[in-house]
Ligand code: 2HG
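First, one chain by itself: the form predicted on its own, in structure tokens.
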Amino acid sequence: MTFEAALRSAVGPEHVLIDPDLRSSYETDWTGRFSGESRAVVRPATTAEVARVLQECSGARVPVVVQGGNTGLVGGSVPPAEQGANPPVVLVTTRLAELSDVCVAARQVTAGAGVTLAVLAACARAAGLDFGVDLAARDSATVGGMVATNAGGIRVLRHGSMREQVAGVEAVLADGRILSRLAGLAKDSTGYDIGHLLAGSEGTLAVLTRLRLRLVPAERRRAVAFIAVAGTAEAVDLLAALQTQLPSLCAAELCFAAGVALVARHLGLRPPLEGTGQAYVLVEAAGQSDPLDELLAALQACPQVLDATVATSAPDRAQLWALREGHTETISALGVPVKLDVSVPMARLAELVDQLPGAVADAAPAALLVIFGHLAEANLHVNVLRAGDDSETVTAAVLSLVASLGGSISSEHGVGRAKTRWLGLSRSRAEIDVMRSVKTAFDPLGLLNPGVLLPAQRQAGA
């Protein structure tokens, strides 16, 4: 039996895509910046089918690229552009879409790795609960990919990143062995927490197939404020004040006048507070009772507020959120950007924002810089348009600046293929050596997502 025939036997002929036209949409990432050719695209529907695919790939020494909703920004879910005579199989998890009944008493649910965030949240809300993580790509991002990259989003302030939502995992090792720990025990001190280790591993250790996920109480009453402040330092001070004065605070986002103007123009909206301040903070307060009065009182007590507009109805809240969440769509409509997801200590955030324009201009004088991010985590999404042939120079300049301020080269989107050469800016040699040892223990042949997170071979300074 040929390798391709074995794959067809494992998942069904219609779910093994060999034709280049059928493979193409799986071989280019969402940004359009990263792409490569695969041997085949395989779409298993069960953990057992994933295990058979990995057994066949392991036996044939064929590498495997793991892909969920393909919403990543660092090239980690598509084949590499440069490869030898052994192209990978792309293993797509979107058909792993089983969703259990919600256990209301435990506040948990078991979801297949291919379940989208929107579907998971709707399931939780139907049971009177909610899911603690939310992000703009909710309609296409899958929970498996979100755990694999330890995604954060807009509610980290209240509920933490994806790792904090994981109560159990089922995953398949590179050789086809299945790890299953889905009981969701509140207490379990029997050794290493493999589930938390797999969170953030970017598909390099195992293929996640099912997740036992924690849910949170539903907070049905919400109020949103879009606030003008003088600059980043004032935004940081405002956050500190609101965290003390506004117990219902659940989100705090940061954007800037130039970016908001682009978004408003793209979406056909009138930008609120135009001409007032250079930075904007979008905050959301949520609770069982209406948080509006508490929000208004907090804003009135904060001297950093130059002006604000507040919304409580769902349509008005959505319109304010669109000014922040519309950044990604707007930037993509303007071209293929260099997208860098970074974080620094909160005390250095204003310094980073002040120095970024100069660093980008030195690297690519014709480039357009658009930044926004999650204020509560000091996490900036740095987008550089019109970088042209200077993309790598821009990346090096931005990541080196972030490292000089004590920050991380990847806050929530992973390292992928895009940032492997710069991993040493955020991780020590000892840490990288330990990560390599863990990778070897899980995947001794190096077949899972080779070249993602850790370079295939150690490079100078890594």
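Computed from a prediction, not measured in an experiment: that's the story for all the values here. Each residue number is its position in the shown sequence, starting from 1.
Although it is not shown, the form predicted together with the named molecule is what the next lines describe.
Taking non-hydrogen atoms only, His381 approaches the named molecule to within 4.5 angstroms in the predicted complex.
Although the partner is absent here, Phe131 sits far enough away that none of its heavy atoms falls within 4.5 Å of the named molecule in the predicted complex. Under a 4.5 angstroms non-hydrogen atom cutoff, the named molecule in the predicted complex lacks Tyr280 among its neighbouring residues. In the predicted complex, His374 approaches the named molecule with a heavy atom inside 4.5 Å. Taken together, Arg39, Arg43 and Thr94 are entirely out of contact with the named molecule in the predicted complex: none brings a heavy atom within 4.5 Å. Listed stretches are 94 to 102, 219 to 227, 350 to 358, 366 to 374; the contact stretch with the named molecule in the predicted complex is 366 to 374, by a heavy atom cutoff of 4.5 Å.
Only one of Arg138, Arg155, Arg107, Lys339 comes within 4.5 Å of the named molecule in the predicted complex through a heavy atom, and that residue is Lys339. With the partner omitted from this view, the residue of Thr328, Gln165, Thr116, Ser248 that lies near the named molecule in the predicted complex is Thr328 [heavy atom within 4.5 Å].
Heavy atoms closer than or equal to 4.5 Å to the named molecule in the predicted complex belong, across 399 to 425, to the residues Glu412, His413, ordered by sequence position.
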